[in-house]
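Just the one chain here, the form predicted alone, laid out as structure tokens.
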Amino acid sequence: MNRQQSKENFQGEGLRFPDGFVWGTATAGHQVEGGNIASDWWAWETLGLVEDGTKSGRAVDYWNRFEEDHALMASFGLKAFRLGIEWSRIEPERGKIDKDAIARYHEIFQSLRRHNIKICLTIYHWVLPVWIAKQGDWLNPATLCHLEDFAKLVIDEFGEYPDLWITINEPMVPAVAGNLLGLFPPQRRSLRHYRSIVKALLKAHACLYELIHKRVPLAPDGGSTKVGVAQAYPCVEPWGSGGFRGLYEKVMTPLVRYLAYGAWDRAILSGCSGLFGIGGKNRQLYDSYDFCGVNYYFRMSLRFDGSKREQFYIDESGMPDGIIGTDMGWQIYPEGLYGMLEHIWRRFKRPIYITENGIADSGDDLRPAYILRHVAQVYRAIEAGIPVKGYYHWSFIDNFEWREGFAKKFGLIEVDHADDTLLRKPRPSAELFGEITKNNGLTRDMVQKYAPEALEEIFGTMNDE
């Protein structure tokens, strides 16, 4: 589609995406399956550290209700689903393989196939078997050997199903939140441990990338297997204070970007797993992306705060004038998605999938406009020549949101964890996303119907391009 054709589409019927663009939703195993009792997160939840006082428990019982959920996905025309596979289910004790769990995952994948839903499979999404955690988690070099054994089993058992593979979800989050800031298990606060975890996860990704390609050379469509990482890319900017405060904010901004995603990206590009690109090259690591997975949610505006010593004197929770926040307190900033896509394309020159994008919004008041504005930025990126191939909305269904518990609602489908029936209730935003999927894009009528407040912003912005 050339630029003039694109403008005509925009001004007439709307934003038409390229043929074959993948529209899907995303979840993680521990957050939706329920009963993941042999995991380190389950153990951590028993300590009473979840902010709303809940535990994952049965979550939304996807483990037993997957067929119902897949049928619901299909009814909205969803074409793809990103899900995880839980190591602690398959290997709850060292060397003990749960054949029933393997059989259940086969049933899940086969059900998705029956509903013509493409599969994006995440191998590691933050959760470890408790027996691995007790042995020092990623600080123990033996963990990589155990992961390799587990991965071989997973790839050999389920390799026929995935259309896309994610080796690791947001590797810098467990490094930063779990080992630098002490917010996630194992609650360490150490730059040395942060560095060690990043290096270990880089090795884990490189190992998984090579194993998948070696054991599953072809995807279900007959093309080459595609493997990547789902990386969190927040838009990080200084607050803009004056004097020393502003100078500190400007100095901290590139450092936060580097710790959040830059160190990882540099390692992939250089093949060096040292925190600052120092060290011998890892042949497996270098250029080990077939695509870039992008998880984008918000902008962080870094403001100096002398009282926040434990956060290196930075408050990232401030809300600039005119910016609306989500139930998580995150800034809604769609333009940041376009900026990150530009940045990632310049660095990697690889196809891109939006592997997560979504909002905590219990009333579904902001979600329709959030989806429309972010999808419009994806379209803008495609028009600019950036090869974005798909968009996975987080999340398909309300889930256990890690440290926040069940209080934060990310789902297109509403579920009350306290309801014995766990009744699935599609929100208006589910209807909207279904229309986007079925139309392979946006129309003026959609925006007018679901979020008229975004009409001028979306179409005005695009017409100005």
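For clarity, every value in this text was computed on a predicted model and none was experimentally measured. Sequential numbering from 1, following the sequence displayed.
Heads up, the form predicted in complex with a small molecule isn't pictured, but that's what we're talking about next.
Within 4.5 Å of the small molecule in the model of the complex, a heavy atom is found for all three of 125, 169 and 402. At least one heavy atom of residue 410 is located within 4.5 Å of the small molecule in the model of the complex. The closest non-hydrogen atom of residue 394 lies within 4.5 Å of the small molecule in the model of the complex. Although the partner is absent from this view, residue 356 contacts the small molecule in the model of the complex, with a non-hydrogen atom inside 4.5 angstroms. In the model of the complex, residue 282 stays away from the small molecule, with no heavy atom inside 4.5 Å. Only one segment in the set 292-300, 345-353, 244-252, 145-153 has residues whose heavy atoms sit within 4.5 Å of the small molecule in the model of the complex; it is 292-300.
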